[in-house]
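Shown below, as structure tokens, is a lone chain in the form predicted alone; questions about how it binds or moves come after it.
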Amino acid sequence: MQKVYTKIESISGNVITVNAEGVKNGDLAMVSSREGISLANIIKLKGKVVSLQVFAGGRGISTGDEVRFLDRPMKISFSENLLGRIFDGSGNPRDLGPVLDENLIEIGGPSVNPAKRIVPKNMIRTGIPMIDIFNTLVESQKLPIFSVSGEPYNELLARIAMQAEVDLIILGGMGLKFDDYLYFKEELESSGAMNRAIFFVHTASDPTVECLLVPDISLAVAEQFALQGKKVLVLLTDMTNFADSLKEIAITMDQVPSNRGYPGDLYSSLASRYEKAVDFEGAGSVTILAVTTMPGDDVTHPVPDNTGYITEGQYYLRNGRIEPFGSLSRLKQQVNKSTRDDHRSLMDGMIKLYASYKESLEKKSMGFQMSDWDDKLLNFGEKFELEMMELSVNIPLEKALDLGWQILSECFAPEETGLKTDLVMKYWPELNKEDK
């Protein structure tokens, strides 16, 4: 039976407190005010004092308004009808489509039992060489994209959404500028990818609590589709906005702040979302790619710092490119040993030569005399950056590997690459012209 209370003890921003009994943390309530009916979420219990976060904010609410507890947590509709749709952070339609209320599932549940998981072993192709060759994305992996404001991380996510070889894309936007929201919408629609995508979006002007709900809604829906055998890729942007929303709520609740004002349970809050990445035995999978912007490009900032302990590597996006140094996919060895026999060796060889290019570039900038070898490295580095590192490059893995050999052959003699002779004989363009 629903419990109704007609006295609100205090109102602080969008957090209200009520004296109530028999309610559970995380459950929903309805607040009736002169502004209408608003949903609220129980975020703290202290004896009989219950704190609720009002989705629509505290404006228009008075101490005499009615609070009705619903005795259930937040739920979202789950069905094939979600495909191609755009919703807000509460699961309400943003695309003027019909409201979906059938087959409701709870959000924010526990992570999958490890006994139900299988070892990640399948590659997710993206058409982006700096991912597919050098830091392969693996099914059921959880990876952040570390970046700074101004970098094209949303453009990168849109590219991945359009090109990734998966069954379903779930895009969760947190604190998006309206222009960024429209960009995602137009890109997915124009590419035809919207029919296999679901979009949950919180814009900067929406209530803070909806920002906190976006990852939970996205991952709850992803998990259900994965149980049906779908290969699901969840793209989240920006988890720093999510963490800032956590901080805002913590400040409102007068919690003792931790590092840089973030709540002490920041690690647990991030981990409980990232750990939803899973490959189900006998079913589908959930893979998570999440943007984390670093204030001041500081990787020791609490959000990227905690994220690094949870996830299985990271992509660094700098100067409009995925950087080969610092970027890491800890699971790439699971898959790139079985893609093509030259994958591992070519990846290692090109990165070694690119590191040498960086040293030669530094020598040149300091005015040192350049050798013939330095000139070769400078030529290689420029070609590598232009033809493989640019985000506009879109080619399958096999063609990207062939392109790597082509770049090497244009800059070096075979013996200068350090690659195995049998691989050189098999893939070096000049030695295989007749075969091709």
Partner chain sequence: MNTGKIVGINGNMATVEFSGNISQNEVGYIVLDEKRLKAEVIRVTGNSAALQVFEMTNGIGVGDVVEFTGEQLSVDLGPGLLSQVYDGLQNPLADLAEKCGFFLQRGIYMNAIPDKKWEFTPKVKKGDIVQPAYTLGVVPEGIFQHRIMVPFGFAQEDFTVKMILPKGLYSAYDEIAVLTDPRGVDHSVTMIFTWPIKKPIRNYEERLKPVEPMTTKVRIVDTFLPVALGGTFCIPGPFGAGKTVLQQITSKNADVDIVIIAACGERAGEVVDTLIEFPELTDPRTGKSLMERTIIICNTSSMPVAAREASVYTAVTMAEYYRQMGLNVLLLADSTSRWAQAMREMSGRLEEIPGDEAFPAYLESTIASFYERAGLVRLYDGSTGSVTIGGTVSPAGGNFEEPVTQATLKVVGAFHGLSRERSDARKYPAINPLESWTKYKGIIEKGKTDLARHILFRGEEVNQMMKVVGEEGTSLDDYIIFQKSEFLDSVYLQQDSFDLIDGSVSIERQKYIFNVMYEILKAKFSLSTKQEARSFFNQLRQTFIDWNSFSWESDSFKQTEESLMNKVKAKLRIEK
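Since the structure is predicted, the reported quantities are computational estimates derived from the model, not experimental observations. Positions refer to the first chain, counted from 1.
Below, we refer to the form predicted together with its partner chain, which is not included among the displayed structures.
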| query | finding |
| --- | --- |
| Partner proximity in the model of the complex: A271 to its partner chain, non-hydrogen atom cutoff 4.5 Å | yes |
| Touches its partner chain in the model of the complex: E9 (any heavy atom, 4.5 Å) | no |
| Contact of F178 with its partner chain in the model of the complex (heavy atom, 4.5 Å) | no |
| Close approach of Y267 to its partner chain in the model of the complex, 4.5 Å, heavy atom | yes |
| Interface stretch in the model of the complex with its partner chain - options 256-264, 168-176, 193-201, 152-160, non-hydrogen atom within 4.5 Å | 256-264 |
| In the model of the complex, the residue from L361, I310, L83, V148 that sits within 4.5 Å of its partner chain by heavy atoms | I310 |
| Heavy atom within 4.5 Å of its partner chain in the model of the complex - residue from D88, E187, E223, D244 | E223 |
| Partner contacts for 105-133, taking its partner chain in the model of the complex and a 4.5 Å heavy atom cut-off | G108, G109, P110, S111, V112, N113, P114, A115, K116, R117, I118, V119 |
